[in-house]
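Just one chain follows, in the form predicted alone, and it is written as structure tokens.
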């Protein structure tokens, strides 16, 4: 999608070779293979030259290594005035339901308030540009509903597999949890610029 909307060359990075191969196939089918390439690598050990990237775009991944750790490591690979755009699960209110907090903690994610993540971004040397929460449809229509369909197909295919049943139960629990507490947490987009001018401030949407 980025390659269809942006000019320039784009590198898609993933630690699993089969996902990279799938990306390359899709790029070829869409006539984008000249500008879009897949690379196998880890986000905590980016295989790029320092100060070489205009934009780092990462959705739903940075919390796997930690918001601050990710921003700190990735900044070295951005050009001056290069941009970073990431999504990270965040608290939207000061109320943190115990059930939701336990779920995210058990999943290995530490949720912070938006203003706390903005401060982390600034402390890492970025000029904060903007932050906004993804809409409910991004979770339901674009994530939970397609995933439920995939889960049903897995259950039908592996009907007697307890591992698949446990996986299905966990994923359905996550969907139900969001329905109960969606006013308190969500995925938030954070956009920043690589600059030492930390006195400049952006805004919340």
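Positions refer to the first chain, counted from 1. Note that the structure is a prediction, hence the values are computed from the model and not measured.
Not pictured, yet referred to below: the form predicted together with a small molecule.
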Is residue 44 close enough to touch the small molecule in the model of the complex, meaning at least one heavy atom pair within 4.5 Å? yes
Residue 11 near the small molecule in the model of the complex, any heavy atom under 4.5 Å? no
Does any part of residue 59 reach within 4.5 Å of the small molecule in the model of the complex? Heavy atoms only, please. yes
For residue 65, is any heavy atom within 4.5 Å of the small molecule in the model of the complex, or not? yes
Select, from the options 47 to 55, 167 to 175, 34 to 42, 150 to 158, the stretch whose residues sit within 4.5 angstroms of the small molecule in the model of the complex by heavy atom distance. 34 to 42
